[in-house]
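What follows is one chain in C-alpha cells, specifically the form predicted on its own.
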Amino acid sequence: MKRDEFSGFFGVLVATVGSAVGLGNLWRFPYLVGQNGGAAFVLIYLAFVLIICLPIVISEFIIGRRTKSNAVKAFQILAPRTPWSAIGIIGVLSAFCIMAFYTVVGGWTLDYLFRSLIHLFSKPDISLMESQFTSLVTSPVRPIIWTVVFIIFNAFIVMCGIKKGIEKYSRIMMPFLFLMIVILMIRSLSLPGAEKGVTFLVKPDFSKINTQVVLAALGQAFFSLSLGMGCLITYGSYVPARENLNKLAFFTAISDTLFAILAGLAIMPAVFAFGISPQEGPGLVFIVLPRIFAQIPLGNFFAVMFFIILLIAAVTSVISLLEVITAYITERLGIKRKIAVTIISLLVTACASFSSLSQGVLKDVKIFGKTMFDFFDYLSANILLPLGGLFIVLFVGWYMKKSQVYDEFTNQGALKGTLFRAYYFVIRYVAPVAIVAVFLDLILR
C-alpha cells in the first residue's frame, strides 16, 4: 500500500508550524523576552534559531525523508542491528509523556472557551477568576470530561490521515490562527498604556544578559521548534522528494518565531495597560487575561477569540505528537490507522486523567516528589527531549554517511549545497555542545 504524503510545500509548512506553535509561544516567550533583556534576548534567541536549531530541524527532516518511515524504523533502516533505534523510542515516549499532561491543558482551554461563549467572564474580580480556575483544575470530573472531548477531536483529525486529516485541517487552522492573533494584537495595542508592554518586549537591556539568559534563549528556541520528540522526523517522512528541506526548515523556524512575537504583542500590552505583573505562567492565560477581557469593550468577543487561538495552538501541537505514535504503531504492528489511534487515545486518556486528578484529589500522590502532571512535564521537557535532540545530531553528524546527508540536503544534487559545510560543522561540533549545556542547566537548576 502506498504511503501517504503531504501534497506539497505549503501543506508541510502549516503542519510543521502547527506542531511548533503552542502554549509556550502564547505566554512563556513574551515573559522570557521581558525578563531577560527585551530585544537583546530576541536577538540571542533568533541567533540560536538560525545557527543551531535550524540545522537540527533540517537533520530531523533528512532522517525522515531519507527513510520514509516512522521515528523508530527510520533509525533501524539507517543503522540496522545497532542501538541507534533507541532515539526513535525516546521520541515516541516523549510524545506520549507530553500528551499525558498537555491534553489536560487542552481540556482547560475548551472549558474556558465554553465559558467565554456563555458570557461567564463579565466581572473583573481577580479573586473570582482565581477561584474559578482552582475550581476547574481541582474538580475530579469536569476537566476530565473536557480532556476527553479534546482528545477525541485530535483523534478524529489523525484518523483521517496525512493529506485528508493533518494537512487539510492545518491548512484551515494555521492561517486562521495567525489572522486572529493579529486582530488580537491590534486590539491590545490600542489600549491606553499599551506602550509599556511594547517597551517591555522590544527595549534592549544588555545589562541582564548573562550565561543563564543565554541558556534560557537556547532552551526556548530548542523546545519551541519541537526538536527531539520525533515530530519532525515523522512529518519529514511524509515530505515529497521534490521539496527543498532547507527552505522548509527555514520557513518553519521563522513562522514559529513570528507567531511568538505576535503573541507577545497581543498579550503583554494588555497586561501592562492594566498594571498587572507578567510573571504569571499558566495563570496569565486562565486568570489574568479573562480579568482583562472583562474590563474592555467587546471583551467577551476577544475572550472567545483568544481561547480559540489557544485551542488551535494546542490541537495542532497534539496532532503531531499523536501522529508520531500512530505512525510507529501502524507500521510496527501492521494495524489500521483508526484502530491504532483509538488504542493510543485510550491510553493517553487514562494517563491524562491521572494528571488531571493530581491537581486535586490525587495531589498527594507523588513520583520522585512530583505530581503526575508535573512528572510527565519534567520527564519530557528536562530529560527525554534534550537526550533525543543530542542523539539525533550525533547520529547525523557522526554516524550517517556524509554522502547520504548531502544527497537529502541537495535533493540528490538538484540544489546547490552552498551552505552544506556550515550546516555539517554545526551538527558535528556546535549543536552537541549547545544541547549538553541546556541539558545540564535543566537538570541542575
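Predicted, not measured: the structure shown is a model, and the values here were computed from it. Numbers follow the displayed sequence, beginning with 1.
The same protein also has a form predicted in complex with a small molecule, omitted here; what follows describes it.
- Taking the partner from the other structure, the small molecule in the predicted complex has no heavy atom within 4.5 Å of any heavy atom of V239.
- Although the partner is absent from this view, S188 stays clear of the small molecule in the predicted complex, with no non-hydrogen atom inside 4.5 angstroms.
- The small molecule is not shown here, and in the predicted complex it never comes within 4.5 Å of any heavy atom of T234.
- A residue is said to contact a partner when one of its heavy atoms sits within 4.5 Å of a partner heavy atom; T326 fails this definition for the small molecule in the predicted complex, lying far away.
- Shown alone, this chain has one stretch from 352 to 360, 145 to 153, 98 to 106, 160 to 168 that lies within 4.5 Å of the small molecule in the predicted complex by heavy atoms: 98 to 106.
- Note on the partner interface in the predicted complex: the residue among I267, V348, L310, M229 having a heavy atom within 4.5 angstroms of the small molecule is M229.
- Residue-level contacts in the predicted complex: of F286, F375, F293, F223, one residue has a heavy atom within 4.5 Å of the small molecule, and it is F223.
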